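A single chain, nothing else alongside it, follows as structure tokens in the form predicted alone.
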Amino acid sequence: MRSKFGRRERLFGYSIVFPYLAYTAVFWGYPFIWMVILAFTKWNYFSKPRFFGIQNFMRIFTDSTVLRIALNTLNFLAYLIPMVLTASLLFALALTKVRFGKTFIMLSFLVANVSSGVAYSLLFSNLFAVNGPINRLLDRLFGITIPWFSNPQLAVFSICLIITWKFIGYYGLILYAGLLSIPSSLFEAAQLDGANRSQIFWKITLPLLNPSLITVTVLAVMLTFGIFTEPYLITGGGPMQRTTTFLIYMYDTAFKRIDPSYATTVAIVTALTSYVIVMLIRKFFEKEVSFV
């Protein structure tokens, strides 16, 4: 079949496509192939990779640290999902009430999202320190101090609080866009029918905001599986390994224990687990929304 494009057009098309294909092959294809090779081999950076079969995968089932981290991740999810959803929704609802300076407020909250993880981790570790300003204030007002990072559950809670602070602007804008997409005529019709604010919120706003809420939930789940900077810098994975995450374990396994093959296997299993959880959330909670 003869092409309808001339030689010059075809060359132009290839010149556009080739850089993308080359980029994909170098930065996505090669790492992916190398990841698969590592998962089925034994390598220590210095010797040649040795075929190891599925022993790296079998090791995960007998690794007590992986089980501990899986429980930690569930613990993080139990705190982080309600916190980010509630804070982001309140932020989005507040934005709908603001008349002046809305752009400035949105940009102010987004600054946290683009801030250096190292910088704000150090900042919060000082704020929540045993002799930090928050504990000094609590001691002066109520005569108590809170072990923010030395108690296992409080350490998880504190880290989730920091992450929520970072992402409240980003997730809040997603929900704000969802709120703006709901036709105001629906609220007006509900008010004419005598619905109060609570009924409008629970019966109209939340159900129609489902796609945005699911988007934020999915992003938060993926974020939870990728937590690294905050616990690594603030608690070092402690106390009692309660804030050790999959990324911290992968990093330590690959670079401190010199076992990149097993670290890669843990990464693959972690990615598959987060994917399954995301698909389950979409299957059971995602609803099709129509404004017609």
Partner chain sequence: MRREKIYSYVVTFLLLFLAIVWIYPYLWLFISSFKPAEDIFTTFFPKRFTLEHYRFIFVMADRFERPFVRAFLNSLFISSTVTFSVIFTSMLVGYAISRIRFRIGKFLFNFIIYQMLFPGFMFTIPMFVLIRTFGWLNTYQALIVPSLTSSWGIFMFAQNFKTIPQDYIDAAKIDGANNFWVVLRVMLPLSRSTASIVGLFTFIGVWDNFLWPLMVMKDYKKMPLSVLLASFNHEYASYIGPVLAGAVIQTVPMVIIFLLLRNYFLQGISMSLR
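Numbering follows the first chain given and starts at 1. Definition used throughout: the rigid core is the maximal C-alpha set that superposes within 1.5 Å between two forms. Bear in mind that the values here come from a model prediction, so they are computed numbers and not experimental data.
Only in words, not in the display: the form predicted together with its partner chain, which the text now covers.
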> Quick one: does residue 185 come within 4.5 Å of its partner chain in the predicted complex, counting heavy atoms only?
Replying inline: no
>> Contact with its partner chain in the predicted complex for residue 89, defined as at least one heavy atom pair within 4.5 Å: yes or no?
In response: no
> Given that the partner is absent here, does residue 165 sit within 4.5 Å of its partner chain in the predicted complex, heavy atoms only?
Replying inline: yes
>> Whether residue 189 contacts its partner chain in the predicted complex should be assessed with a 4.5 Å heavy atom distance threshold; does it?
In response: no
> Pick from 85, 195, 154, 122: which has a non-hydrogen atom within 4.5 Å of its partner chain in the predicted complex?
Replying inline: 122
> Listed by sequence position, which residues of 12-28 have a non-hydrogen atom within 4.5 angstroms of its partner chain in the predicted complex?
Replying inline: 12, 13, 14, 16, 17, 18, 20, 21, 23, 24, 26, 27, 28
> Cα of residue 118 displaced 2 Å or more between this form and the one not shown, core superposed?
Replying inline: no
> Superposing on the rigid core, does the Cα of residue 98 end up 2 Å or more away between this form and the one not shown?
Replying inline: yes
> So, does residue 284 move by 2 Å or more at the CA between this form and the one not shown, with the core held fixed?
Replying inline: no
